[in-house]
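Shown here is one chain on its own, the form predicted on its own, set out as structure tokens.
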């Protein structure tokens, strides 16, 4: 993806060239974007595609990928985020909406932006490929027969459609060799003739008819061949992008955006202004059992037992408590009372740790109101080492230890198996959502979990019928409820926010 090399070509690109690039609603994304875009558009496109891919991930676990519900929900999300789902470029746009051309342009550019963000590690590449494949599968299956043929032709996939006469001659053999194919379906739907070496998975499982070096593939199986091709192309492209990444990251405008996107949180802002003073210190122990996500329950338990947390745990747990409503005075009292039970006396706490707590609340340093960590940040950044208790238990714990922890928390054996299956499939947030459902005795959580504070909020809504946690707020706490003049970084972070969080890290290095 050497954008600088292609810059000269961009200058001569006409509008017709761009229309040719987007003449089909589906792409293999073989050609990088050739135009200039603003940083605002760069960020917006990337965040909205990330929202779509996360929706695809959650939907794929909740519903069968060939089910009617899956299709309806995904179509609605694609439409709401203004990604392409119409076959004809010339179709009129919805009043007040954007044109189909602009949707295809957004689809194209946003895919390449996320390639830059998700090529950096094997885990990121695997996640990105899986979600892009699921999105591609749905969109390909949605196409009419003629548009599928156009796509295959445009991408030099020489899979010819079998003629009606040939289908009639081979009808009995096609029915005998292809599961779910009947005489009526043979005549009604397309059958593709593909070189057998391109369909080895289907040949291996004996799902197709072979003749003269060709595999005869029913319409509902051709997506398997196309998906394999898409996966191969995308995997190679990500490897090439990773090699070129240092050049892109040398651009100081893009580097913080790309670093943030790989663990970006695109949901509600759980900052302190909305919740300050809503809980008391006396409630924390009880809330940790019934309303904390497993990561925070684990940190709270470790703090109570050891009377200390290392800097990673203090950052993760401290910002979470701030987000659920702990005021600055409460936070200082909470951390001081716990640390002095261990090896830290009050004087050492005030000298070594109190500043970092005030810094979290925007009262020191750059006076930034830091927001709690999202699930993606917890999962992907700063993995715990020996003696640490931060991180995501579903991502960072050994499966056997995780199983023991869930047993200790009275999760049923069948529930534990469901959670471990999700963990095995690397669906860590969905495993946490399943933990929510099991511990709150509900069939469906009714939300897609992306943030530890979201877990707490949804738990409180469920357990209290939506009422706020009751607490007597003293005058000093009320004086902090005014959010005026407190800067807050956007969720799609800029370079400034990236540097500020790094600055916060430096205040937690004391053990």
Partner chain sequence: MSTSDYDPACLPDLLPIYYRRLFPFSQYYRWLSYGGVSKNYFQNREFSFTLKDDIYVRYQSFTTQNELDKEIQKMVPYKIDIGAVYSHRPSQHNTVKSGTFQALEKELVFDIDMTDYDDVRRCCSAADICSKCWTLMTIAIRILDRALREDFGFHHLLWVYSGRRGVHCWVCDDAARKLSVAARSAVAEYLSLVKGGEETARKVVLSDPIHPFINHSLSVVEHYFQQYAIVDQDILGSKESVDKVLALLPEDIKKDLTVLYKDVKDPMKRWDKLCNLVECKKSTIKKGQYFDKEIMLQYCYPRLDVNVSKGVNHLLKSPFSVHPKTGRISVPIDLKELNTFDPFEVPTISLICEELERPRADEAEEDDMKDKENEQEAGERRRIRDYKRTSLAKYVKVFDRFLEAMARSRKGEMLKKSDLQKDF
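Positions refer to the first chain, counted from 1. Computed from a prediction, not measured in an experiment: that's the story for all the values here.
The following text describes the form predicted together with the partner chain, which does not appear among the structures shown.
Peer 1: Which one, 330, 177, 120, 130, lies within 4.5 Å of the partner chain in the model of the complex by heavy atoms?
Peer 2: By the 4.5 Å criterion, the partner-contacting residue is 177.
Peer 1: Quick one: from 413, 425, 246, 213, grab the residue that has a heavy atom within 4.5 Å of the partner chain in the model of the complex.
Peer 2: Answer to the contact question: 213.
Peer 1: My question is simply whether residue 256 lines the interface with the partner chain in the model of the complex - judged by any non-hydrogen atom within 4.5 Å.
Peer 2: Although the partner chain is absent here, residue 256 would stay clear of it in the model of the complex, with no heavy atoms inside 4.5 Å.
Peer 1: When the contact criterion is heavy atoms within 4.5 Å, does residue 155 count as touching the partner chain in the model of the complex?
Peer 2: No - in the model of the complex, heavy atoms of residue 155 and the partner chain never come within 4.5 Å of each other.
Peer 1: Is residue 441 near the partner chain? Define near as a heavy atom within 4.5 Å, in the model of the complex.
Peer 2: Contact check for residue 441: no, nothing within 4.5 Å of the partner chain in the model of the complex.
Peer 1: Should residue 196 be counted as a contact of the partner chain in the model of the complex, where contact means heavy atoms within 4.5 Å?
Peer 2: Contact check for residue 196: yes, within 4.5 Å of the partner chain in the model of the complex.
Peer 1: For the chain seen here without its partner, which of 414-422, 111-119, 232-240, 383-391 has a heavy atom within 4.5 Å of the partner chain in the model of the complex?
Peer 2: In the other structure, the partner sits against 383-391.
Peer 1: Taking a heavy atom within 4.5 Å as contact, would all three of 146, 336 and 434 count as contacting the partner chain in the model of the complex?
Peer 2: No, none of the three is in contact.
Peer 1: At a change of 3 Å or more, would you call the C-alpha separation of residue 380 and residue 130 in the model of the complex closer or farther than in the form supplied?
Peer 2: Compared with this form, residue 380 and residue 130 lie closer in the model of the complex.
Peer 1: I want to verify one pair: residue 423 and residue 205. Are their C-alpha atoms nearer or more distant in the model of the complex compared with the form I supplied, knowing the change is 3 Å or more?
Peer 2: Compared with the form shown here, the C-alpha atoms of residue 423 and residue 205 sit closer together in the model of the complex, by 3 Å or more.
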